[in-house]
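Next comes just one chain, in structure tokens: the form predicted on its own.
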């Protein structure tokens, strides 16, 4: 009887933990969904008093700020991916294939943007950009996002190139291919899934970036996270919730894609 009671108690504890974790994950999401369809919602009511689709029509109105902000966010994210990949592909190849001195130190240096408080960094970056006349421009925002994205793209690109069997490269060279031909037709295609995954991380990071955009781009550059912030600070929780759900969709879709692209062989080489 005592063993059975312990078993029941253990199952109850595990169930309670799972329920609390599910609430922590899905509770805020459920709150967003409710606010997205609420016309009026106030205490002490547990659910919205009046439901409406009016706010969705406002958000998706062609002349509204939301669609313009979404377009700006996507353009900036795509440009950020181009800049980040232009730097991370040659850097990742060199770090994975060449015998570079201080290789580990170089990889650690790419983590520096994450090692310091972002607000203090972006304040100083904004001051420099103002002196150069770059503040409030899309190129300035792209540079800030790309610097942030290099953390993911360089490390993942390095792991992707390291996961490619060197013997395949050597076999292509033995058949008469040059270094560049072997890279374009053998190494790069085999590393493409990992590079694509790094591009997705950079895209999502740029799409969700707020702090750097706020200090460098405001007021001329208005992205979707900035619109979400302004709506939330203004008490317009419907617009803020719908905007948050819009940002959530590509994150979920692309993360499922990353799970398929990044195999165990690539993940095991990150940081090596």
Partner chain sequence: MAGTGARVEIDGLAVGYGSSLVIEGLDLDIKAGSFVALLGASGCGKTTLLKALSGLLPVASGSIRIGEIDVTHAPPERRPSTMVFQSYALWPHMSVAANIGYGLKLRHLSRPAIAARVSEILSLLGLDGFGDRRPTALSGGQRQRVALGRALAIDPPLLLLDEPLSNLDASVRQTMRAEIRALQERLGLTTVLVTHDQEEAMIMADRILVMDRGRILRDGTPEEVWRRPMSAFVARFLGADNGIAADFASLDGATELTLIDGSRVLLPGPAPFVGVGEIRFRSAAVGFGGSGRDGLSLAGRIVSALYPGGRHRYVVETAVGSFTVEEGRRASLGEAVVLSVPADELHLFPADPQAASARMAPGGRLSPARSPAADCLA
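Residue numbers count along the first chain shown, from 1. Predicted model, so just to flag it, every value in this text is computed and none were measured.
Not on display, but discussed next: the form predicted in complex with its partner chain.
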{"item": "Contact residue in the model of the complex, from 107, 186, 79, 162 (heavy atom within 4.5 Å of its partner chain)", "value": "186"}
{"item": "Listed residue that, although its partner chain is not shown, lies within 4.5 Å of it in the model of the complex (heavy atoms), from 172, 151, 195, 74", "value": "172"}
{"item": "Exercise: residue 181 in contact with its partner chain in the model of the complex, heavy atom 4.5 Å", "value": "yes"}
{"item": "Partner contact for residue 168 in the model of the complex: its partner chain, 4.5 angstroms, heavy atom", "value": "yes"}
{"item": "Its partner chain contact in the model of the complex: residue 133, any heavy atom under 4.5 Å", "value": "no"}
{"item": "Residue 85 within 4.5 Å of its partner chain in the model of the complex, heavy atoms", "value": "no"}
{"item": "Which of 133-141, 173-181, 152-160, 195-203 lines the interface with its partner chain in the model of the complex (heavy atom within 4.5 Å)", "value": "173-181"}
